[in-house]
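Form predicted on its own, single chain, as structure tokens, below.
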């Protein structure tokens, strides 16, 4: 279980994250939503060990993998990109097929579109094993079909590894289709928390109602 207590991140006098308590069960897929600047990426980076919190306590699984929002590629073809670091080639080939990239496997990664590059980055992550998967906006550059492939791949990976998945998103569809649970951040605080359908259809605060009303579903 992931256990977060009194977690804060401050930059000068500005508090960007202020979470009293957050527990995430093993094997859970959690979606984190909120407006720009609400603290989503900051939370993910703290959990990934990319930045240090100002205060608080964290209890985390051992092996973590983090996929930043900005996708990137290394020199070479797609297979080389996925197998860097001695990942299994057979697994890489299967992932490229699963994420709709097999026809491009021998192409240079630099030639990919934004959505293709994002799916390649996900392939690189899913070719490895982790206890905690941290994905920052994993479908932001994808079209509808690409997003569907991403959802299927994430759910299958969770099913195979039983890892915990935390992903930030601006997509209600991703939260509904992939996540077991959805939290919405408002100025660094948890405003809503529960099953995605309940959070989206039965908001409990005026702010949550307003935010969800403006969230395209």
Partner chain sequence: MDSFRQAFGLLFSLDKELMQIIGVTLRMSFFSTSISCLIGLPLGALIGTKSFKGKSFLKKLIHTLMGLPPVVAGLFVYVLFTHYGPFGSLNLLFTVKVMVIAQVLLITPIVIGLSSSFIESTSKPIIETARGIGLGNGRIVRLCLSEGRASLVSIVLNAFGRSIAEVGAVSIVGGNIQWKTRVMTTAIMLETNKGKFSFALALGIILLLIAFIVNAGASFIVREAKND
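The shown structure was predicted, so the numbers you read here are calculated from the model rather than taken from an experiment. Positions refer to the first chain, counted from 1.
A second form of this protein, the form predicted in complex with its partner chain, is not displayed here; the remarks below concern that form.
Student: So which of 112, 73, 101, 141 gets a non-hydrogen atom within 4.5 Å of its partner chain in the predicted bound form?
Tutor: Contact with its partner chain in the predicted bound form is made by 73 alone.
Student: Could you spot which one of 189, 64, 155, 170 gets a heavy atom to within 4.5 Å of its partner chain in the predicted bound form?
Tutor: Looking at the other structure, the residue within range turns out to be 64.
Student: Heavy atoms within 4.5 Å of its partner chain in the predicted bound form: which of the stretches 141-149, 112-120, 92-100, 74-82 has them?
Tutor: The contacting stretch here is 74-82.
Student: So in the predicted bound form, are 68, 108 and 125 all sitting within 4.5 Å of its partner chain, heavy atoms only?
Tutor: The answer is yes; 68, 108 and 125 each reach its partner chain.
Student: In the predicted bound form, does residue 50 have a heavy atom within 4.5 Å of its partner chain?
Tutor: Although its partner chain is absent here, residue 50 would touch it in the predicted bound form, with heavy atoms inside 4.5 Å.
Student: Is residue 45 one of the residues lying within 4.5 Å of its partner chain in the predicted bound form, judged by heavy atom distances?
Tutor: Yes - in the predicted bound form, heavy atoms of residue 45 and its partner chain come within 4.5 Å of each other.
Student: Mind listing which residues of 138-154 have a heavy atom within 4.5 Å of its partner chain in the predicted bound form?
Tutor: Sequence-ordered list is empty.
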